[in-house]
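Next up is one chain by itself, shown in structure tokens, the form predicted alone.
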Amino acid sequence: MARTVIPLLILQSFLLAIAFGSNEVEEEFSESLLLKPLPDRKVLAHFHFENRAPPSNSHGRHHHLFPKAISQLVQKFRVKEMELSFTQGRWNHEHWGGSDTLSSMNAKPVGVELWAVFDVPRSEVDTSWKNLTHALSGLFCASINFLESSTSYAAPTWGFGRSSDKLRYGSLPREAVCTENLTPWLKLLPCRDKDGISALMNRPSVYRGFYHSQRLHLSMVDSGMLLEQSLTVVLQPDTVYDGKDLQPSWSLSSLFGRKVVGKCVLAKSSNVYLQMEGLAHPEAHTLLKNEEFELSIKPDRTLRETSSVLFIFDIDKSSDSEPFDLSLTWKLPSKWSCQQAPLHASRFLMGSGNERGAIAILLKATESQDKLSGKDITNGGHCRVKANVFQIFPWYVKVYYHTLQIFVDQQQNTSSEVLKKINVSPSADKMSSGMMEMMLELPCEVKSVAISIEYDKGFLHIDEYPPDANQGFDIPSALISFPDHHASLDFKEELSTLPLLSKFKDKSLVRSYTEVLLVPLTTPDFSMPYNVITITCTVFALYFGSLLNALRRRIGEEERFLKSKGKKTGGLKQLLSRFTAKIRGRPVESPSSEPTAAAQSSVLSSKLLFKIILVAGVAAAWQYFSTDK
């Protein structure tokens, strides 16, 4: 019997190994790092990790590379598409780019941003959203569960860039980003931060940058589930300014304090990219050394684009003995400007006081605005630029949508001339937040556009104020998108096998986020409850102390004590009284101890009774006037 069971067990384990082996082949993981010098003497580092898993209807599927926690979220809450970002710092659209692929996908608002599309009936979308926020909050050690409240999220229709009635969007501008959020994000990687490109993510180096944003994007594609994890960091190289206009030289070890000692053994591809812009002769930069700069490692491939050159490095051969440490040394001064969106957006508050105010958005033309002539020709041969504006207003900011005003080149225009489409969702007190979506159609030669809308400041209950209420209340960033403009990199060579390059070739919508507004609301004096509690306790202590003293005092013992005291000191008192009488020439009175003691006792009792009545009256008056009617 034992001889029969053993071959069956061996056959079963062999079949399981074959099954799991086939699954392992289907799942793919790739890692890449893009380095890009910026015009303001900084360096952009973009880490990109891509994980693919085949479709599966089984709830108990075992994954070899794809994180099981993310797979369970998809299966349990039926998530069709989701994106979560943790950002600290604000993206500089003027110096770091506004219309390229990196800025369009990775320039996120401050704090936490979450949006998701569900594959459930419309009546179950809000329930799935709330459950998803709680699950992500525990997974990433963040306060994402605060987005479960209906006052913290909205349901955009078309202004966000995705037309779906099952989309939910929410943001937490004040959420702090720290290593507690990065550590669970790294645990989703097959090699974590122990090997491969992810080993460069040194915590002090990442968080000392001017901007860093960790992003997680999940989507359901034809081939199954696609999980993209990216970390975008803007760093300042540690160099001494020598008075010349040379860009600072840097290396991987100087930026991150580490070197790449090998690829992740589970990664299908592992590459480092260096993108150079503003070169004098892009077609000549194929050698290791040239007139403008020098690279420490020879690139394996070089790709040319219209305005940039991309160097590709394979790190398969790097090891502990020969680590990969790419360095860039500038020889000649180089100045260039990044690609910008057609209009640069900024938002600010107007008005003063704690009663009312106005929110204004200013759109200014950029250098790329001059290149729009002859493009986007609509409406009888006139050049037009379309811009979508998406805003969320908390319920305590009561917006009056009828006060919307639009100024084009400092001239007020009617809504029908510029405003082509608008969708408004008014807020409800303590129930839901407000939302506004606008589609503007502007002439290409426009120089500035100003949008203003008035609001009143609401009143909150004392329990609804945060611990730092005097700092103010945040209004989430507004999203400005351009539906007719898409960002992409078109390289002459076809390298679709590299995930990052294929991602750059996909057209992404040009979008930008505005600043987070800080609105001061009427704040009560939070010390008043403490003062009321203190004085009430003091009055009650005096009242009950006097009452207990009166109840526990023994009058008979006090009278006997006074009598005994009078007897002991009676002779001395008589001598003193006789002496003073002789001096004054008055007759000597006979002492009567008993009436004196009785009189003192009566006086003492009357004083005690008066104190009790006084304290009781004060307590009753305080209770009467302090009680809310």
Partner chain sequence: MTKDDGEMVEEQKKKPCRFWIWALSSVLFRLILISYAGNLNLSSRPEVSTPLTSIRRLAEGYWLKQASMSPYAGSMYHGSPLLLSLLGPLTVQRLVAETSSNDLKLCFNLVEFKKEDTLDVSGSKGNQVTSFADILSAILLRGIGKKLQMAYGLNARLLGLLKSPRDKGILPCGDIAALVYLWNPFTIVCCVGLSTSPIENLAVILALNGAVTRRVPLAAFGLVMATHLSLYPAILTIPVIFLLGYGLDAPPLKLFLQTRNVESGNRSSTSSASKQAKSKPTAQLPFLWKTVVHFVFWALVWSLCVMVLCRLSLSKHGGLEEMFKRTYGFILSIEDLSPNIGVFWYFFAEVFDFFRNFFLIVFHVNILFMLLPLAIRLKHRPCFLAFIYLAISSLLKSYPSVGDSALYLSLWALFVNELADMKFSFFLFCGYLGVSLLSPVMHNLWIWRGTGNANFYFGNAIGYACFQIVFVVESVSAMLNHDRALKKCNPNHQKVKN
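Numbering follows the first chain given and starts at 1. No experiment lies behind these values; they were computed from the predicted model shown. In this text, rigid core is short for the largest set of C-alphas that superpose within 1.5 Å between two forms.
The form predicted together with the partner chain exists for this protein as well; it is not shown, and the discussion that follows is about that form.
**Request:** Would you confirm whether the three residues V221, S296 and L498 all fall within 4.5 Å of the partner chain in the predicted bound form, going by non-hydrogen atoms?
**Result:** No, because V221, S296 and L498 lack any heavy atom that approaches the partner chain to within 4.5 Å in the predicted bound form.
**Item:** Among the candidates P529, P333, P466, G257, the residue which, in the predicted bound form, approaches the partner chain to within 4.5 Å (heavy atoms)
**Value:** The residue from P529, P333, P466, G257 that makes the contact is P529.
**Asked** Just one of L460, L328, I312, L200 has a heavy atom within 4.5 Å of the partner chain in the predicted bound form. Which one?
**Response** When the partner chain is considered in the predicted bound form, the option within 4.5 Å is L460.
**Prompt:** Does any heavy atom of P121 come within 4.5 Å of a heavy atom of the partner chain in the predicted bound form?
**Reply:** No, P121 sits far enough from the partner chain in the predicted bound form that none of its heavy atoms falls within 4.5 Å.
**Request:** Indicate whether V399 is a 4.5 Å heavy atom neighbour of the partner chain in the predicted bound form.
**Result:** Yes, V399 sits close enough to the partner chain in the predicted bound form that at least one of its heavy atoms falls within 4.5 Å.
**Asked** Might V265 be said to contact the partner chain in the predicted bound form, defining contact as any heavy atom within 4.5 Å?
**Response** Contact check for V265: no, nothing within 4.5 Å of the partner chain in the predicted bound form.
**Item:** Non-hydrogen atom contact E445 with the partner chain in the predicted bound form at 4.5 angstroms
**Value:** Contact check for E445: no, nothing within 4.5 Å of the partner chain in the predicted bound form.
**Stretch in contact in the predicted bound form with the partner chain, which is absent here, among 544 to 552, 78 to 86, 319 to 327, 126 to 134 (heavy atoms within 4.5 Å)** = Selected stretch: 544 to 552.
**Item:** Residues of 421 to 449 having any heavy atom within 4.5 Å of the partner chain in the predicted bound form, listed in sequence order
**Value:** Contacting residues: V424, S425, P426, S427, A428, D429, K430, S448.
**Prompt:** Once the two forms are fit on the core, has M431 moved its CA by at least 2 Å between the shown form and the other one?
**Reply:** The answer is no; the displacement is under 2 Å.
**Per-residue C-alpha change between the shown form and the other one, I535, threshold 2 Å, rigid core fit** = Where the cores coincide, I535 still shows a C-alpha shift between the shown form and the other one that is 2 Å or more.
**Message:** If I superpose the two forms on their rigid core, does the C-alpha of D525 end up displaced by 2 Å or more between the shown form and the other one?
**Reply:** Comparing forms between the shown form and the other one, the D525 CA shifts at least 2 Å.
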